[in-house]
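Before any questions on binding or motion, here is one chain by itself as structure tokens, the form predicted alone.
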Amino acid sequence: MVGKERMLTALQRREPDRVPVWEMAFNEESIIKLGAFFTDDLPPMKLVQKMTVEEKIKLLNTLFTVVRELELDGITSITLLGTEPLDEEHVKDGWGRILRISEEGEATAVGGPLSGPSDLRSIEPYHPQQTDFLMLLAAKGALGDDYAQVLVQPGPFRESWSLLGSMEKLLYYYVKAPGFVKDLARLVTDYILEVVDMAVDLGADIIALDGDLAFSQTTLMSPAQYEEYVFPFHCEITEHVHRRGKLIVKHSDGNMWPIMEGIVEAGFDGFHPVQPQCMDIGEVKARYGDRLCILGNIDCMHLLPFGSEEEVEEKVKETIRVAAPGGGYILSSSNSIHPGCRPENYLAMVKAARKYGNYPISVED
């Protein structure tokens, strides 16, 4: 099998020839540090927003080299909404959102084009452009059809709160203006469906719907609020992806137990990343493994940054033992490979997946 076949087989809850290995995201620093194991042709160590066009191309080529050399089974792309810099820390995107760029390069909305319900009629919807998918096009061109092309798109909850500039505002309107919340979800869901169509037309195999719905203790909303304000739009998105002949994964950190049944019923093919501080992957597999592919669980909060390579191998071995039998498991970190992760530990993770992840799974307790 090639990587794309492994990823799609696992997402259909069947057994490939070996456990697929994939990552939701690599940071600039992690790409460069991993790339140093395979090439000397590296970009400078800085955020992509501060790179020249030539340096950005070199960064992408370094990522493609890492994917090829480690024989990863898929690669993740993000959309690029024509951001323009405002100052050293902030950019503005196509929707008019003000995004703060953290030291790790992550963009978080701190201001939006909406201040409340009265602004909704005047907002100009953003429609995706082919230039927003340059990363997907580059990955498809560089890696061909052997690797699963995963397009990450924020879901309706995250898109909604980012247009308001804060999650707290959206949750406030859950109580004070439920009609506005639904109208806003309608607006962003229409946009998401456009993104899905364009991504599929340009070669995406899998959609990863981003946006946390929980923190370490519990979900950000009650199950009843999820069912009323998010679930119907999740169903619409998954149905649309399936009509286009593709598969879709829901990403959320945190303790998702209160709404896991809803995630399954909404029609997602996979759930990422089963954060080990909050959820036991064996229990997730036992409850939902017949209806949902499970992705992730290798701790990037403590293990990958601070553990030994031997500890990483043992964790991968144990995770494969409980999550991989019968298929329906894709190995990845518990979120992403961020700057704090030791590159040696990530390499140990991939190596262990190759050692223990061949089907039929035979890993002793």
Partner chain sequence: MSELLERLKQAVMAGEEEEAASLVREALEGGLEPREIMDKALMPAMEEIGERFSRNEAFIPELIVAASAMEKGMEELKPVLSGEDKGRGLVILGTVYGDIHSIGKNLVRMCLEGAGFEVLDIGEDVRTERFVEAYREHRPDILGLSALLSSTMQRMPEVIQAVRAEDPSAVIMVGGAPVTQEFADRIGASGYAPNAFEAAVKAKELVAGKSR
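Residue numbers count along the first chain shown, from 1. Since the model is a prediction, treat every value here as computed from it, not as a measurement.
Beyond what is shown, the protein has a form predicted in complex with its partner chain; the following relates to that form.
Proximity to its partner chain in the predicted complex, defined as a heavy atom within 4.5 Å, holds among Thr131, Ser115, Thr83, Ser222 only for Ser222.
Among the residues Ile320, Leu60, Met301, Leu42, the one placing a heavy atom within 4.5 Å of its partner chain in the predicted complex is Met301. Although the partner is absent here, Pro305 sits close enough that one of its heavy atoms falls within 4.5 Å of its partner chain in the predicted complex. Remark: Arg244 does not count among the residues lining its partner chain in the predicted complex, judged by a heavy atom distance of 4.5 Å or less.
Using a 4.5 Å cutoff between non-hydrogen atoms, Glu103 counts as a contact of its partner chain in the predicted complex. At a distance threshold of 4.5 angstroms between non-hydrogen atoms, Asp87 is out of contact with its partner chain in the predicted complex. Only one of 223-231, 73-81, 285-293, 194-202 places residue heavy atoms within 4.5 angstroms of its partner chain in the predicted complex, namely 223-231. For the stretch 268-297, the set of residues having any non-hydrogen atom within 4.5 angstroms of its partner chain in the predicted complex is empty.
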